[in-house]
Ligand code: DOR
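Below sits a lone chain in structure tokens, taken as the form predicted alone.
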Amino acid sequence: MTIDLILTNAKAYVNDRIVDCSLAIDQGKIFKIGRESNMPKTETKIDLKNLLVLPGLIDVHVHLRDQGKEYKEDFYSGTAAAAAGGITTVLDMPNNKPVTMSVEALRKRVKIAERKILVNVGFYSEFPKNITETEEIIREGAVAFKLYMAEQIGGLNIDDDHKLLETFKMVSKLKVPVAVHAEDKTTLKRVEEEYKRANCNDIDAFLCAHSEKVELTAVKRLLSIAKQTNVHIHFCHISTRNGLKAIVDAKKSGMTTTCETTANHLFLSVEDLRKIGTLALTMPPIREKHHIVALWNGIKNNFIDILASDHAPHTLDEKKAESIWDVKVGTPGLETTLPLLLTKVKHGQLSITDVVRLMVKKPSEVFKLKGRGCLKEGNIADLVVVDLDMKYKVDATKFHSKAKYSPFDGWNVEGKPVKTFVGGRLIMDEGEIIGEAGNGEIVRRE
């Protein structure tokens, strides 16, 4: 028997430890892991020169734009950025143009993506206006629903607790998560309007509007409603100590709830935000240092399930608006998240096991992405090869993303993804995209 490819001289993360081995890949899957002498025949070998092989990373919070927002990002540039960052699967958020909130909108978005994507892509849907369509949307392929509590985006009235309860009961039967942006719209908009009337339009005004209370109020409200159902609530980009504590308490009480945070909220503080300015503006915003400590403790204690980039690209003009209220929130993160984590690994503040848990194992479990949670025979051959010893500076001008800015621009990092394989095909090699558009697969829940 002759197979497609063998990766030799690898140090692979297998069964929760790093082992010296070769990996045989055939028809897009991992055929065999073992000694080179035990590998089947192949005409193609790649010597990895003792570099570390990890299962391809899964980023569950990405805004790929496209569809009228191509000037910010499109499916090709966004998935090129993912491949360059060692990420082989991304889950795309629904606040698009049009909003992904119907079978028709989802079907159209998938059709556009199929011919452009370099890595695997799954899709969230917002809730439809007619809640009975939820089952059909999941059948069409959505991996989860997204609920924005900071503003009305989808078809579900976020101000109506009864409607939320009704919807959560229905979704719990479908056994799909509801991913939530937890900021309380009522409090947020009231404070924001007060500052606008007073002509206060700086970063401090934004921080006051998007306060810790705004996050905590939304988290508690959603947990209270969800407690009456069996729905799985997944809290996106948690940023505060008390918000995390409320989620941890809910977990301990037996509720099915998970949460994520982002590199922005782990690596940056309010002091950084004030120094960098609006290029680092996100929603929820970067917090004070005691929140950062709480988030790192949450990772250490396995309270935080997932780390995501919340890749949210904009143009530089959109990031530099005169009034803080006109600045588009969000930063690109697909190409910086893994290098930042690997730098922590090199400094002994994080383990490879932590990285795999946060960005591979738990994402695949929560969103039920079959065959992608680890390196094992029979699993899909989504792999990233990293050089833990490579030191370099983040240079946003060289991003594959259309967003050529980053709050981490100029940072010294140690550890870089150097090869990315998607379905057994080499897509990124030494920073260069060598795969073809359309290589990625549209992923659905198992």
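Values in this document were obtained by computation on a predicted structure and should not be read as measured data. Don't overthink the numbering: it's just position in the shown sequence, from 1.
What follows is about the form predicted in complex with this ligand, which we do not show.
Chemist: In the model of the complex, which of the stretches 74-82, 281-289, 333-341, 364-372 has residues with heavy atoms within 4.5 Å of this ligand?
Modeler: It is the stretch 281-289.
Chemist: Is the gap between residue 105 and this ligand in the model of the complex 4.5 Å or less for some heavy atom pair?
Modeler: No, residue 105 stays farther than 4.5 Å from this ligand in the model of the complex.
Chemist: Taking this ligand as it sits in the model of the complex, is residue 312 near enough to touch it, meaning that at least one heavy atom pair lies within 4.5 angstroms?
Modeler: Result yes; residue 312 sits at the interface with this ligand in the model of the complex.
Chemist: Is there a non-hydrogen atom of residue 63 within 4.5 angstroms of a non-hydrogen atom of this ligand in the model of the complex?
Modeler: Taking the distances in the model of the complex, the answer for residue 63 is yes, it comes within 4.5 Å of this ligand.
Chemist: I'd like to check something about residue 246: if you look in the model of the complex, is any of its heavy atoms closer than or equal to 4.5 Å to a heavy atom of this ligand?
Modeler: Residue 246 lies outside the contact set for this ligand.
Chemist: Out of 329, 207, 216, 276, which one falls within 4.5 Å of this ligand in the model of the complex, going by heavy atoms?
Modeler: Checking each option against this ligand in the model of the complex, the one that comes within 4.5 Å is 329.
Chemist: From the list 211, 95, 187, 258, which entry has a heavy atom within 4.5 Å of this ligand in the model of the complex?
Modeler: Checked against the cut-off, the match is 95.
Chemist: Going through 129-161 from first to last, which residues have a non-hydrogen atom within 4.5 Å of this ligand in the model of the complex?
Modeler: Residue within 4.5 Å: 148 only.
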